[in-house]
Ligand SMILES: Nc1ncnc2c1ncn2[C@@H]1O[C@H](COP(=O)(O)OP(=O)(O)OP(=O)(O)O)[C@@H](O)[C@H]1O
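So this first bit is one chain, no partners, the form predicted alone, shown in structure tokens.
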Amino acid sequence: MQQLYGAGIDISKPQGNMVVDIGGGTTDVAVISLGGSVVSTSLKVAGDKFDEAVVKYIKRKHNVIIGERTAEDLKINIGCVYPKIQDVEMDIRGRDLGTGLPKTITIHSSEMLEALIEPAMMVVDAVHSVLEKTPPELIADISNKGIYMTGGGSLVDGLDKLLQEKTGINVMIANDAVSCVALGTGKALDNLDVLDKRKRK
């Protein structure tokens, strides 16, 4: 709920809003209306799992071990879950599994797509499952207003396009995706009376 507050969306109205919050450790998907969660799910696939997927891919494809910080650099700089118009590349250093010595390799964004698509599709599947359980009138609201993405993980290049393609619903990334939860918690505290009324009903 804080994510929607942080994104500047009024959740106290009788309309359906869908938020996909991709943090470091978990992805939370929820449909919110009248200040409360109508349907939601949480899965342990988020930023950390994206990094792990990159580490495993580099090891399997290039026989090179890299650390999580290097994996995160790759994810941020050339990572994508939707084909880029132009294939970009980045040089990284790791340890060659054969020799045990440092080795520099060049990684392309097309490889990152291959590495990241599996965890990305798990997020898409979670969104699908929540949409399937959402009441029809709220689905109509979500179709009109779109799906809001928040959290650092939402910034993986092309994740919004992938989700939009797979659901047929417009997907928007919150302006301050990384800070949405913190900003929203502050706004939620300012609106406790609205939330209290919802709980008392």
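Nothing here was measured: the structure is a model prediction, and the numbers come from that model. The first residue of the shown sequence is 1; numbering continues from there.
The form predicted together with this ligand exists for this protein as well; it is not shown, and the discussion that follows is about that form.
Peer 1: Which residue, I169, V38, I65, L155, has a heavy atom that falls within 4.5 Å of this ligand in the predicted complex?
Peer 2: None of the others qualify; the residue that does is L155.
Peer 1: Tell me, out of Q164, S143, T134, T26, which residue has a non-hydrogen atom within 4.5 angstroms of this ligand in the predicted complex.
Peer 2: Selected option: T26.
Peer 1: Can you tell me whether V20 touches this ligand? I mean in the predicted complex, with a 4.5 angstroms heavy atom cut-off.
Peer 2: No, V20 is distant from the partner.
Peer 1: Though only this chain appears here, would E72 touch this ligand in the predicted complex if you measure heavy atom gaps against 4.5 Å?
Peer 2: Yes.
Peer 1: How about D48 - does it come within 4.5 Å of this ligand in the predicted complex, if we only consider non-hydrogen atoms?
Peer 2: Heavy-atom contact with this ligand at 4.5 Å: present for D48.
Peer 1: Quick one: is I76 in contact with this ligand in the predicted complex, heavy atoms, 4.5 Å cut-off?
Peer 2: Because a heavy atom of I76 falls inside 4.5 Å of this ligand in the predicted complex, the answer is yes.
Peer 1: From the candidate stretches 29-37, 135-143, 155-163, 56-64, select the single one in contact with this ligand in the predicted complex, where contact means a heavy atom within 4.5 Å.
Peer 2: Result for this chain: 155-163.
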